[in-house]
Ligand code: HEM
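The chain that follows stands alone, in the form predicted on its own, written as structure tokens.
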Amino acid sequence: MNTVFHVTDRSVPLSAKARSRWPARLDLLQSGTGLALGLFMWGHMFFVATILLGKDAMWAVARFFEGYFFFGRSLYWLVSLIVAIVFALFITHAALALRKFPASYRQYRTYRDHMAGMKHEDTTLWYWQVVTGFALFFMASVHLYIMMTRPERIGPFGSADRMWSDLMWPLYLIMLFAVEFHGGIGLYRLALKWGWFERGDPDATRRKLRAFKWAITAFFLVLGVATLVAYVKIGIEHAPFYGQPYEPAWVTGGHQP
């Protein structure tokens, strides 16, 4: 005769069981904020890259987010609100990610030794995700604060002046590489963690996702560098007219330097 025993763990208080769900909930929140920020950054890169299509194209995109084409004038607080939401997501994501950072130099050395011994690409990618995330906590905070407090300076000339005359291009160049590596690795790890594209052989799926991740990273780095060079070039040309905003000729009926 087969006997089935039903075991109920009465030794663990209900409050402890409820608390045990929090790590999973925090992981889900970290994944959600990371996904939102990663997708936003891809969209953001396309928006700022419209400068490669000309000053009028970039001006139109900037004015769109200010509600210019809906209200007949720029409402800069709309941009500040959008940036504030992104800033809140960024801080939340960073705070959640800190839970998994090495808490001491000893833990850091242990992980480095483990990484060197394993020579596993995904383990190395996680290390660089931590390094770039730490760097972004400072660099992206500066960028987001400027965008939130000075939205009226977003435009072909305002952005170019910030790059060149305000000497921000070194920060943006380093931040470009940090955000593309961090975001690309993060989205790759999310796809693996939640099994979004898993079909058949897991190793084959991992290889395909990794190849796609590097292709996307390379694409956005090339696009980002080309965009940065375009803004610097405009900034050099516009330096004598620093602070003058750009408006298309069809708006002003005149000529912009």
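Worth saying up front: this structure is predicted, and the values here are computed from it rather than measured. Residue numbers here begin at 1 and follow the sequence given.
This next part talks about the form predicted together with protoporphyrin IX containing FE, which is not shown.
Residue in contact with protoporphyrin IX containing FE in the model of the complex (any heavy atom within 4.5 Å), chosen from 71, 77, 101, 105: 101. With the partner omitted from this view, the residue of 209, 216, 57, 35 that lies near protoporphyrin IX containing FE in the model of the complex is 35 [heavy atom within 4.5 Å]. Within 4.5 Å of some heavy atom of protoporphyrin IX containing FE in the model of the complex lies at least one heavy atom of residue 45. Taking non-hydrogen atoms only, residue 63 never approaches protoporphyrin IX containing FE to within 4.5 angstroms in the model of the complex. Residue contact with protoporphyrin IX containing FE in the model of the complex: residue 193 places a heavy atom within 4.5 Å of it.
Looking at residue 205, you'd find every heavy atom of it more than 4.5 angstroms from protoporphyrin IX containing FE in the model of the complex. Contact residues in stretch 129-162 (any heavy atom within 4.5 Å of protoporphyrin IX containing FE, taken in the model of the complex) are 129, 130, 133, 134, 136, 137, 140, 143, 144, 147, 154, 159, 162.
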